[in-house]
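A single chain, nothing else alongside it, follows as structure tokens in the form predicted on its own.
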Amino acid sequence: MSDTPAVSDAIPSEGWHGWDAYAPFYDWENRRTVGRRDVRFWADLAGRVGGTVLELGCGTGRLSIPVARAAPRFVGIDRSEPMLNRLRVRMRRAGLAGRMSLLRGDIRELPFLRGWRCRLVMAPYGMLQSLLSDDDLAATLAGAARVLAPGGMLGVDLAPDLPSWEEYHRRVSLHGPASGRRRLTLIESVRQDRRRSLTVFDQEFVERRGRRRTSHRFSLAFRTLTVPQVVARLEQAGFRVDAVLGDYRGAAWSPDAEVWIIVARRA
């Protein structure tokens, strides 16, 4: 048996903390939670804009590969090298290396030359909630506005109302087989800092291979604003909101909707 150090009670100071450690388990968990229910929405949006797509926080490519098939050109940026390594394998297997570019970088400081433009910036699956301050959010939205062509679109997908989640400690959330004759168990705790609108997930993935047991522990922090607050930030950054949706099929938004989706256009 081998264990990584225990997670502390501190709140991560940066939203990207924990994601390198999460990379080996990200796909396993998300196949059992969100699955593919958002894939068609993003692929259809990419197909409609008809130009280069930039994905903020592309991760392991759960959405990147189907979106790249629908778009003439795809660019993905992520800070986590372990996440990007997994996407590179997927990209080669899919035969999409000629249509995709992957960059390691910070979405708060988009590393594109002046004059580079795209038609769609997508921030799916709560990506903007990994920005833990107003300054970080403002910098990211300003960067998105800078790289979008006039009339280009920004799509934002938020996990709804995380600050309302109950706190709990060491709950077994998921359990099942994984590749390589392994079995994984996710033991999860939730902490709230409601003053700062932060929700912290303390994750422990217990990996069993035969008689060997290994624990991997890390924390992920998310900051949740209300939809009106996000809309106001978008307008301040120079966007015009076209639609606010409550699911991936186009239903109207409400505070208790299953997802919060905002589609905006660079004014």
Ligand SMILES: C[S@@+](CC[C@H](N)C(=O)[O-])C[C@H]1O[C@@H](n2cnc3c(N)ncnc32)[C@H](O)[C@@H]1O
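Just so you know, these numbers come straight off a predicted model, no measurement behind them. One-based numbering along the sequence shown.
One more form of this protein should be noted, the form predicted together with the ligand, which is absent from this view; the next part is about it.
- Though the ligand is absent from this view, in the predicted complex it lies within 4.5 Å of a heavy atom of just one residue from 237, 198, 63, 230, which is 63.
- Within 4.5 Å of the ligand in the predicted complex, a heavy atom is found for every one of 16, 19 and 26.
- Under a 4.5 angstroms non-hydrogen atom cutoff, the ligand in the predicted complex has residue 105 among its neighbouring residues.
- Looking at residue 124, you'd find a heavy atom of it within 4.5 angstroms of the ligand in the predicted complex.
- Among heavy atoms of residue 146, none comes within 4.5 Å of the ligand in the predicted complex.
- Taking non-hydrogen atoms only, residue 131 approaches the ligand to within 4.5 angstroms in the predicted complex.
- From the list 51 to 59, 65 to 73, 204 to 212, 237 to 245, the contact stretch for the ligand in the predicted complex under a 4.5 Å heavy atom rule is 51 to 59.
- Residues of 72 to 92 lying near the ligand in the predicted complex, listed in sequence order, are 78, 79, 80, 83, the criterion being any heavy atom within 4.5 Å.
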